[in-house]
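In structure tokens, the next block holds one chain alone, the form predicted on its own.
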Amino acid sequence: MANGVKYFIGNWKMFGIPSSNKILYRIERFFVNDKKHNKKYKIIIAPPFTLLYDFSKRFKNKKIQISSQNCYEKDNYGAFTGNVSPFMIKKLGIRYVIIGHSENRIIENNKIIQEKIKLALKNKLKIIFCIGENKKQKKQKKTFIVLKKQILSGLSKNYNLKNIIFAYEPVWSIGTGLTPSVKLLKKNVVFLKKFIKQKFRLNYNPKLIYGGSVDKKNAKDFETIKELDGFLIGGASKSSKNFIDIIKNFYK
């Protein structure tokens, strides 16, 4: 089993209305009652922008923490219709933000992602930084090249990486039902942690989680990878039962 505190992070994507708070309340009850394990992990849920204010108030003094799914690359206020700045997100009481998800990288280049990270950190948000190779890059054996470029283009050496959780999400796995083998995921996780630690001269191990078609079965399979610090969960996080089953199975 992985050492240290684990993260179970749910990314709801375009899902959820105000009454969806009942999903979080069920997860919250499970966590409170899971006295055997609940000091070993944290739960973070990223609902859409429309629910951030409501959920931040409802769960302000609860165990579940709330994350934004993204932010804009400009700060404070401005003439940017439909966008939300890191400053505005922080003022809602939100503590985390997902940046660099592959679904957003379709229209966001490395420069934009770099700016988002800089401004999120400026506003004292913790970042869930997504990186991952696509199917073609994997087939061409360019996985490590792609991952290194995404990391180096997004981060500065003067950042406090304790405020960043790296989420390795191979694009070919997201929403497809396909996942890396335990052997392959371990290889990639070990590479990433070693690269980040050496490149940024860290005296601690960076936090690194896995995302991509996570369910209760593969979460249990990946539990053997001691270097892994948890999961970024997509579709399964929209169901309290499926999300809870992942946690239960991980600790079984």
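Quick caveat: nothing in here was measured; it's all calculated off a predicted structure. The first residue of the sequence shown is number 1, and the count goes up from there.
Missing here is the form predicted in complex with 2-phosphoglycolic acid (PGA); even so, the following discussion is about that form.
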Sort through Thr143, Ser173, Ser85, Asn123 and report the residue having a heavy atom within 4.5 Å of 2-phosphoglycolic acid (PGA) in the predicted complex. Ser173
With a 4.5 Å heavy atom cut-off to 2-phosphoglycolic acid (PGA) in the predicted complex, the contacting stretch among 149-157, 111-119, 67-75, 165-173 is 165-173
So in the predicted complex, is 2-phosphoglycolic acid (PGA) close enough to Ala46 to count as touching (4.5 Å, heavy atoms)? no
Distance check, Ser213 to 2-phosphoglycolic acid (PGA) in the predicted complex, heavy atom within 4.5 Å: yes
Hey, in the predicted complex, does Lys13 get a heavy atom within 4.5 angstroms of 2-phosphoglycolic acid (PGA)? yes
For the stretch 133-149, I need every residue with any heavy atom inside 4.5 Å of 2-phosphoglycolic acid (PGA) in the predicted complex, listed N to C. none
